[in-house]
Ligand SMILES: Cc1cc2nc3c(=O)[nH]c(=O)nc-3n(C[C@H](O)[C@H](O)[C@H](O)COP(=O)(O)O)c2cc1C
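In structure tokens, the next block holds one chain alone, the form predicted on its own.
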Amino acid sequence: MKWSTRVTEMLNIKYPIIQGGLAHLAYSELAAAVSNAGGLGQITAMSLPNPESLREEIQKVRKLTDKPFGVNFAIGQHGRTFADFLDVAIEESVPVVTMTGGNPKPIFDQLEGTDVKKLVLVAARRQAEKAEELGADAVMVVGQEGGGHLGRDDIGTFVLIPQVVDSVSIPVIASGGIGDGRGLMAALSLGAEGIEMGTRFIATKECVHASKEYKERLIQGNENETVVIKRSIGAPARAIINSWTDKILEIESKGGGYEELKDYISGTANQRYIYDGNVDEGFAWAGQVMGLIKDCPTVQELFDTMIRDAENIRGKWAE
């Protein structure tokens, strides 16, 4: 079955499946595996210590795959500037750059005159319209089911995707609550031309930086075991419920601001959980899709299952 959409054609990929940026987790092994399986793998730039380390990751990906891949920039986070990192991506002729969190215009300006495809993660119709106006080639639209940072309006994927599809002319990529072939077909039926998955790719063999405790929690957990933190500082994000997130919510409920929260929501606290497996001494991002995760396959096995199930659905529709 052909899987051609504007997204596959634009990105030169076989299947309209994109791996999310995944702070501190999206590196060469996972990115190459996703690209080799027919999707678009990504490296996370701003989790790396310096621009040269990004160059090294890009070169590692190229040793592992000859397929297209992207670099994700979490702008407006980490208190860091991205220009030098983006220079490296341009110098290395990375074909795709994705942006999450913050105003993408400075990245667009720096990419002017290049052939780099620009994808922007948004969580609202107006954000999608603005991204198109600025020059995005496609928008990735995340519903409130997603893991990590979300929009402020708590709009679910099933409502948000059609709204955005009706509001922009560029391709829409659905994100949030998608983890299998059923989610892929649902997204396409809503008018999206591809999907982005984050949480599901963490529970794969090639996500080598994720601790076994993290992966096991995703497999054993259900859709009720996530919580949105950081609402009080205007940056809502979905994480796995534990004693650490309980403490964050307690601080927020008492009116605590960023200064009181910063040690609890830091990258260091995140890494204690996701790298070291200290499940009560930090936090880990996850979407509600963790209720659908039952195993930890290779990326290729995950793709094989998703495409098989999606094609079975399409076959039933044709009966």
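Everything numeric in this text was worked out from a predicted model, so none of it was measured. The first residue of the shown sequence is 1; numbering continues from there.
Not pictured, yet referred to below: the form predicted together with this ligand.
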| query | finding |
| --- | --- |
| Per-stretch contact check against this ligand in the predicted bound form, the hit in 248-256, 287-295, 28-36, 51-59 (non-hydrogen atom, 4.5 angstroms) | 287-295 |
| Site check G20, T44 and T199: each within 4.5 Å of this ligand in the predicted bound form by heavy atom | yes |
| Interface membership of I178, this ligand in the predicted bound form, 4.5 Å heavy atom rule | yes |
| Touches this ligand in the predicted bound form: G194 (any heavy atom, 4.5 Å) | no |
| This ligand contact in the predicted bound form: G147, any heavy atom under 4.5 Å | yes |
| Contact test in the predicted bound form: L121 vs this ligand, heavy atoms, 4.5 Å | yes |
| The unique member of I155, A74, L86, L190 whose heavy atoms fall within 4.5 Å of this ligand in the predicted bound form | A74 |
